[in-house]
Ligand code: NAP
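Here we start with a single chain on its own, the form predicted on its own, put down as structure tokens.
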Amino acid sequence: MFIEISDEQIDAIINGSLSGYRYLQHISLKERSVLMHTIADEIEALDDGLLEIAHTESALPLARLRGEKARTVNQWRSYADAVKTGIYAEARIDKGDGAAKADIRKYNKGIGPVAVFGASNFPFAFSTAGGDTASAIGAGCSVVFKEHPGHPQTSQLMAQAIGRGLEKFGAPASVFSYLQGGSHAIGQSLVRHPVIKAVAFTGSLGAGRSLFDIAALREEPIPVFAEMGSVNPVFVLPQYLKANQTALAAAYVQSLTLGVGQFCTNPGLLFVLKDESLAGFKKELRAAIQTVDDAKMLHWGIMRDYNSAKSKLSMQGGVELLGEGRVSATDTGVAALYSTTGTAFLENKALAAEVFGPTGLLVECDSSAELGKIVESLEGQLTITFAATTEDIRTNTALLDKAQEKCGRILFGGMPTGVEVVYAMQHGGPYPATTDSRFTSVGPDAVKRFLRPVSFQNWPDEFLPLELKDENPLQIERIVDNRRALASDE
């Protein structure tokens, strides 16, 4: 049962987030880091009761939830440590010449209060206390969070942990605010509110695009950092396939069906060249998918949408069922693999649509040239994987060049499920994978989304932000130039 809040309550909560934002802007990077570590400690201290509730609400296994909770704690701590270094302040100091040339100093500051939407498939890592909330606070932005209707109790427990962390540190509660309720109108009001300066969202293309459009139509448009899914193609090249049929089939099916296929990096498309290895590979794929048990999905809405998308795929011309997983109940997600030709794929855009769940499509291509056309036809992706040898790549460098234009992360071997929380991770890609491919939503660099540069010209040192003062009290890395190499009339 949801407790819907009124428009007046929403307005008061969002207006209140301004004081939280201003508080974060006036504490040092070191203090902000300590605050984030304090919140991480409170999340870590939550006992297994949290996991049981999350399991009941999401049907996700306890072992998966325990690992995700640990990842969430690690995100807060790693982002906090990165913020403390000053790497995201990107302080630049041009001291001029003391006469004609001005003293100009620039750094990055938080953009303002940020609206964050919880995701259904990661109740910890991409929800209340997930990476979006952690990176926004790391940037010095207060957060107004909209709970996801798929796991409200879990969300509220995580929100309480954040609140305890704020209280222990001595920060105002307005650094993190929580909007309760399942209505779409609440989220729309949040994005429209003039106090909100950015939006973070993980979910479907339809919902993400709707929020993006609302933000663009505001009197003051604001950025929306929406991650909206991907089909994460896997391209299998000939030499690799010849030597790895059984292992590749097992790895692909395991990745496809991991977590009942409810990952944004789920590899929904598998492209293979027709040759003497293909028949054996299809046999291995069929055998692998038939060993997969059905399982409950996150909630009835995802189950409904999965069955609808799966049915639509199966009815497309030129599509055949290659194999299906085991069925034990009527309300579960059943794994499936279909096949089609490269020609059919190029002629029918519906075959490239995401099926959010444990269903994949094998596309049998006639030639490398056809593979190249397929890469060019793809929409933006989070990931593209090459199951290939080094010699395969040497003879198909054009494919690699084209693939880099279509995704944020490109893999040589392995499978795309599993996203490392590290500096070098890029979890984002060209539209419609995300609304802004320049940024990541995973790893410390996620902080960059919620920053904007500000320059100070000829200001006395005592009034400058700590990051720009001459004495560098934070001991952060800065670029200092005492010369003016370029002249400008602007």
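Residues carry their position along the shown sequence, with the first being 1. Predicted model, so just to flag it, every value in this text is computed and none were measured.
There is another form of the same protein, the form predicted together with this ligand; it is not shown, and what comes next is about it.
Just to be sure I understand the contacts: of Thr385, Thr202, Ser142, Thr128, which is the one whose heavy atoms reach within 4.5 angstroms of this ligand in the predicted bound form? Checking each option against this ligand in the predicted bound form, the one that comes within 4.5 Å is Thr202.
So this ligand isn't shown here. In the predicted bound form, which residue out of Ile302, Leu378, Leu400, Ala287 has a non-hydrogen atom within 4.5 Å of it? Contact residue from the list: Ile302.
Stretch from 165-173, 208-216, 411-419, 128-136 whose residues place a heavy atom within 4.5 Å of this ligand in the predicted bound form: Stretch 208-216 is the one.
Taking Ser183, Gln188 and Phe356 together, does each of them reach this ligand in the predicted bound form with some heavy atom inside 4.5 Å? Yes, all three are in contact.
Heavy atom to heavy atom, is Glu147 within 4.5 Å of this ligand in the predicted bound form? Because a heavy atom of Glu147 falls inside 4.5 Å of this ligand in the predicted bound form, the answer is yes.
Answer yes if any heavy atom of Met228 is within 4.5 Å of a heavy atom of this ligand in the predicted bound form; otherwise answer no. Met228 belongs to the contact set for this ligand.
Give a yes/no on whether Phe117 approaches this ligand to within 4.5 Å in the predicted bound form, heavy atoms considered. Judged by the heavy-atom cut-off of 4.5 Å, Phe117 is in contact with this ligand in the predicted bound form.
Is Ala161 a contact residue for this ligand in the predicted bound form, using a 4.5 Å heavy atom cut-off? Ala161: no, not in contact with this ligand in the predicted bound form.
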